[in-house]
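So this first bit is one chain, no partners, the form predicted on its own, shown in structure tokens.
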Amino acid sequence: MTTTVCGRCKSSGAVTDYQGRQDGAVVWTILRCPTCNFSWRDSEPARAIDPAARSADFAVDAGDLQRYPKILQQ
């Protein structure tokens, strides 16, 4: 099941970047959060993509994104 809630910042509304297909059927989807730019494949384990199961050490506060240093500029 594909979720559109970001596993890193918990924002909703993730967008589909790509869908892997086999024999015409979608077998996995790559999603991206427009808020924090986190990307994930929906076939990854819950501990990597589910906000409830993901370690809080990797969480981002979507309400205060300016506090995080920018590594790459867009």
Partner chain sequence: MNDLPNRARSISSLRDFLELLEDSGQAITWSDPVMPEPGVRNIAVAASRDANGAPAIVFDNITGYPGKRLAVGVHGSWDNIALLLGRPKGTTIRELFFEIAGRWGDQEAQISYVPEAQAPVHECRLEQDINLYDILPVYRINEYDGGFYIGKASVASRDPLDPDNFGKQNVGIYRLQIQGPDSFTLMTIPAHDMGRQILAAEREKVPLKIAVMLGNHPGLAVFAATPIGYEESEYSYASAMMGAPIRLTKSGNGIDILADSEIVIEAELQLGERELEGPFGEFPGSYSGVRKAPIFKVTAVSHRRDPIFENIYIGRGWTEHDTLIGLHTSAPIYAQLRQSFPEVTAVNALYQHGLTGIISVKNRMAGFAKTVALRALSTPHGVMYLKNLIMVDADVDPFDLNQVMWALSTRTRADDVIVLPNMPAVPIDPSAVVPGKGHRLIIDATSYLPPDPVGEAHLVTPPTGDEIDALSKRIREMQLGALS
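Numbering follows the first chain given and starts at 1. Quick caveat, the model's predicted, so the values are computed rather than measured.
Form predicted together with the partner chain: not shown, discussed below.
The shortest heavy atom separation between residue 63 and the partner chain in the predicted bound form exceeds 4.5 Å. The shortest heavy atom separation between residue 13 and the partner chain in the predicted bound form exceeds 4.5 Å. Contact residues in stretch 12-40 (any heavy atom within 4.5 Å of the partner chain, taken in the predicted bound form) are 17, 18, 20, 21, 22, 27, 28, 30, 32, 35, 36, 37, 38, 39, 40.
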